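Here we start with a single chain on its own, the form predicted alone, put down as structure tokens.
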Amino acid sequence: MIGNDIIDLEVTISRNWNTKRYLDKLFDPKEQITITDTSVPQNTLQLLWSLKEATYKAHQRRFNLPRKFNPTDFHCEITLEEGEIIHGIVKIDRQTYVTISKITSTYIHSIAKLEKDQNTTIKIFEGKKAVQNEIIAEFSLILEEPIINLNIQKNKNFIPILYRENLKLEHVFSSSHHGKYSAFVIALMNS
């Protein structure tokens, strides 16, 4: 399973982001310390939010859950920082997801997955793009299938599913957008 989230750092977050009431709604006490103990607390807040969003998408898809996102159910931990690449884990309901994020001067992109070594294809776009069309085009290349035969439909829980003609495929992907950025990630099948 896989999930992703992108955050445009040029989009202003709530002006109340550093109040106890705001932080209590989204982050556990340990995460709040992580946020306040950094030199750029707003970016750390957005990083942790991105990890929660990416993990929510992976977890929802994994268990085909209806939409219900309670951010305080997701517990983030940063495990390694390597320049602009941040590794971590997120726990929910006795499940653990590994995360990897890229932080640039303009965006944060996070991926959550079950296996650290899961191969992926990642695309990040600036500007308005039809992300669903980009995902289908990428799957067309991966599957060596004409674009016309592929489509994406959401199931009853609003989880996007890839179809070849009328056949549901087991390929897993996640898309996101925020501000001027869009992104998707595809979990590549082991051969």
Partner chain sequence: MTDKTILEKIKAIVTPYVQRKEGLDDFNDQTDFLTDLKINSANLVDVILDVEDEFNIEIDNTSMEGMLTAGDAKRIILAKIEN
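This is a predicted model, so every value here is computed, not measured. Positions refer to the first chain, counted from 1.
Not pictured, yet referred to below: the form predicted in complex with its partner chain.
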Next on the checklist: Within 4.5 Å, heavy atoms only: does Lys168 come near its partner chain in the model of the complex?
Outcome noted: no
Item to check | in the model of the complex, Glu31 touching its partner chain (heavy atom, 4.5 Å) | outcome: no
Next on the checklist: Test of understanding: in the model of the complex, would Asn18 fall inside 4.5 Å of its partner chain by heavy atoms?
Outcome noted: no
Checklist entry - Is there a non-hydrogen atom of Gln42 within 4.5 angstroms of a non-hydrogen atom of its partner chain in the model of the complex? => result no
Item to check | Options 84 to 92, 117 to 125, 104 to 112, 68 to 76; stretch whose heavy atom lies within 4.5 Å of its partner chain in the model of the complex | outcome: 68 to 76
Next on the checklist: Quick check on this chain: which one of Leu26, Ile161, Val131, Leu150 has a heavy atom within 4.5 Å of its partner chain in the model of the complex?
Outcome noted: Leu26
